[in-house]
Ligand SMILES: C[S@@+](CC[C@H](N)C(=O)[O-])C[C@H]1O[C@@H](n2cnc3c(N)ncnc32)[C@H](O)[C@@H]1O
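Shown next as structure tokens: one chain only, the form predicted alone.
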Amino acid sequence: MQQTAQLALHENVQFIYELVLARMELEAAGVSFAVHENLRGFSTNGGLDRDHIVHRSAYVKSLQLAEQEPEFTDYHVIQQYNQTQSINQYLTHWFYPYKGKFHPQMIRALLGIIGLEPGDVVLDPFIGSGTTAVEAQLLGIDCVGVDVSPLCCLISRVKTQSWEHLAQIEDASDYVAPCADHAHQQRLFRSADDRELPEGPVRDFFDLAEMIARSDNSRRRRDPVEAFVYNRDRMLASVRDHVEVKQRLGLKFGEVDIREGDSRALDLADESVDGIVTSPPYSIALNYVRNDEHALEAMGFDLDELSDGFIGVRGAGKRRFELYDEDMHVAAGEMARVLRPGAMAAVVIGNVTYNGEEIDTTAMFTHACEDAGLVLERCVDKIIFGLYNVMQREYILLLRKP
């Protein structure tokens, strides 16, 4: 039923690009509206699907129908389940301090803007810390996440799978303890009877708690065992939140499939995904392997061998950019191959600075996508700030497969 309403934006909507995305969200949902003079909300003129706004919107905080009390959106409720001091790190989003994280609110919006519905499949071929997977799961959209980094795959699995295994994780937390002589052990924890946990979601949870502890030790000089216990307990609280918000809002979670693999050779059938939301690596400016070496070494990986599979890390000087451009063309070709006709890809990308020189990686990847047959429909200028951002300006490319 279409109804008139007043829509208020979240208080954390601060930047021009967020207002642009908020408008695009409503346009994608078929809502006719006018922007309030203070730029903090919208008035609709009858073209409103109340359920869509309440259950799927990212930027609308509340909806008020004529002569009724304001109704909060699901996303406003979800944001309250937060064990951190950062508004964007609710539920399991905060797990591991990954550099260059997506803004979850933006990803939720983009999933709607490119027309994805519950039961559709979204691909993120550079899944990173799993933001796309978490937001798709909350919206009931199935997600395939691919990354060459075993650490990224671990982070993404734990963020999206732990809720199903909460009882087993809680039981295991009673007998998983720090090693007595952790300074001389490869691992910080083991079971009380000195057995390793079996591979699977429960083991993954404690592995990631250890990787966060190692990051805290490496970057903040915190005692690793104290950091492990602290993060384990806070992670448990966040997983409980994940379960509670699902039950409170009656959410049907989307299926999540996290795969360790290469974006240049996706193990997916032609035209098998309904949309793509991703961000290519900024590895020319940020060496992801070296940045997380403390965790990758603890996981038993040889950093030099691992680097060979990372886009943007191979080569030196001019050859490095040539290899990056070649790899981006192959990755864009794979994205176009697996995307169904008429479907869209949302790509967040920015130029990087290397040895003091700005490299137009945005144009490079745009050309790669166009060469693969994707059509650029819109480019949104995005200015960003924050501790984990590696640049202050990015662009959101909206591309369609004809």
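When you see a residue number, it is the position in the sequence shown, counting from 1. A quick note: this is a predicted structure, and the numbers were derived from the prediction, not measured.
The form predicted together with the ligand is left out here; the points below concern that form.
Contact check for residue 311: a heavy atom falls within 4.5 Å of the ligand in the model of the complex. The ligand in the model of the complex comes within 4.5 Å of a heavy atom belonging to residue 127. Although the partner is absent here, residue 114 lies well away from the ligand in the model of the complex, with no heavy atom inside 4.5 Å. When contacts are judged by a 4.5 Å heavy atom cut-off, residue 92 does not count as touching the ligand in the model of the complex.
Annotation: in the model of the complex, residues 123, 161 and 254 none come within 4.5 Å of the ligand through any heavy atom. Checking 214, 101, 232, 242 for any heavy atom within 4.5 Å of the ligand in the model of the complex turns up a single hit: 101. Site annotation in the model of the complex: the residue of 75, 228, 205, 288 reaching within 4.5 Å of the ligand with a heavy atom is 288. Only one of 148-156, 242-250, 318-326, 76-84 lies within 4.5 Å of the ligand in the model of the complex by heavy atoms, and it is 148-156.
Contact annotation for 252-272: residues with any non-hydrogen atom within 4.5 angstroms of the ligand in the model of the complex are 261, 262, 263, 264, listed in sequence order.
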